[in-house]
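This document starts with one chain, in the form predicted on its own, laid out as structure tokens.
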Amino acid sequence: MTSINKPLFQFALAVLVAAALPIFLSSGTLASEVLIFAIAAAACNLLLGYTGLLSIGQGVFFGIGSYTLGLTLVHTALSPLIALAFAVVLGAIVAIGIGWLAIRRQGVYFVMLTLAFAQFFYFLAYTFSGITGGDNGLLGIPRSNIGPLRLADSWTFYGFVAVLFLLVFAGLQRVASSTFGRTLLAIRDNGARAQAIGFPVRAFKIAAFAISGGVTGLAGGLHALLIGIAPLANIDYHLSESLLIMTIIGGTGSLFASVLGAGFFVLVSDTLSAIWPRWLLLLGVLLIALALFMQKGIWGLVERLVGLAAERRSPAAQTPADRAEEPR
């Protein structure tokens, strides 16, 4: 493990990002959106990068979190913290159910099952419009205070999101570096061998689903709290695609890479949409270039540059001719 992949260094980078966003961005809403999608992308990375499960159902957990928080705050006077806790729990429960069924198949059949679940929950939300608001989404979600915190202020809300982001990031790092996380890597690399030496592979995959679903539900709840509605788009499979793209752009197998991927995707989308209404064409070209020339994502490029710099500094990497040319 290189020094830049050590958990403490990556957590320091996450703190740096949370501290730097208010300096470089003038919108607290945009800064909050970056961290919310960073949480969801990190949860997606736990499945894809650490467990090797390409799920197109992450949007389900994001949408469940949005609707759970919205319905709780619209119909009760409970604190947003309790509503977020409900979003986490329900996201994890739904993830356990989907994971328990989906992991019975592998490869393309697993992908198709997660896509089918995404479509099922989308049309479920669309059909029960009396509860979810249907095509219009669930409107009028209040952003009430938490003690002395006035969450209606965009930068105060950003501070609240930043604290949760750092807690979640530290928690996911703890999971990834634990025996549980190393077992997930073994399952990703060779599931049959992990099964043969006695690991309960199915139980580990379901547990990974539960953690990922709970964390993604938290992100969905925060997003509904941010924009004041729980739109139908939050449970659409297009959102699952966006989370996968963020994860792949940043680089799989590193939690901080997900933060880079989410920040890149959100900020580039925001910039391009202000330039041209057909900005998705430009984003598509950019993604093609990234897929062709940066297959390990942005974090892979960073690792390569750091490796090259380390080789240049290492005396062992110098040839005798190089050493002879050095000034005495």
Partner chain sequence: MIYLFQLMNGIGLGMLYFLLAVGLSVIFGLLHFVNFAHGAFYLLGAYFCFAVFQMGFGFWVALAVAPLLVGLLAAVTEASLLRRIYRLPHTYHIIVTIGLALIIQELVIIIWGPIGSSVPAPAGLDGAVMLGSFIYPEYRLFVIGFTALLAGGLWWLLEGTRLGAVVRAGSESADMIALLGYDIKRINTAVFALGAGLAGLAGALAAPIRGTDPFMGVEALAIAFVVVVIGGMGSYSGALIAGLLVGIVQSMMTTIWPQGAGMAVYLAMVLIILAMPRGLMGRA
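Please read all numbers here as calculations on a predicted model, not as lab measurements. Numbering follows the first chain given and starts at 1.
The same protein also exists as the form predicted in complex with the partner chain; that form is not shown, yet it is the one meant from here on.
Although the partner is absent here, residue 83 sits far enough away that none of its heavy atoms falls within 4.5 Å of the partner chain in the predicted bound form. In the predicted bound form, no heavy atom of residue 239 sits within 4.5 Å of the partner chain. Taking non-hydrogen atoms only, residue 90 never approaches the partner chain to within 4.5 angstroms in the predicted bound form. Interface membership of residue 193, defined by any non-hydrogen atom within 4.5 Å of the partner chain in the predicted bound form, is ruled out.
The three residues 128, 280 and 287 all sit with a heavy atom within 4.5 Å of the partner chain in the predicted bound form. Between the options 210, 113, 175, 164, the residue in contact with the partner chain in the predicted bound form by a heavy atom within 4.5 angstroms is 113.
A single residue from the set 155, 123, 199, 180 has any heavy atom within 4.5 angstroms of the partner chain in the predicted bound form; that residue is 123. Judged by heavy atoms within 4.5 Å of the partner chain in the predicted bound form, the contact stretch among the candidates 183-191, 199-207, 102-110, 70-78 is 102-110. For the partner-free chain shown, 54, 56 of 49-76 come within 4.5 angstroms of the partner chain in the predicted bound form, judged by any non-hydrogen atom.
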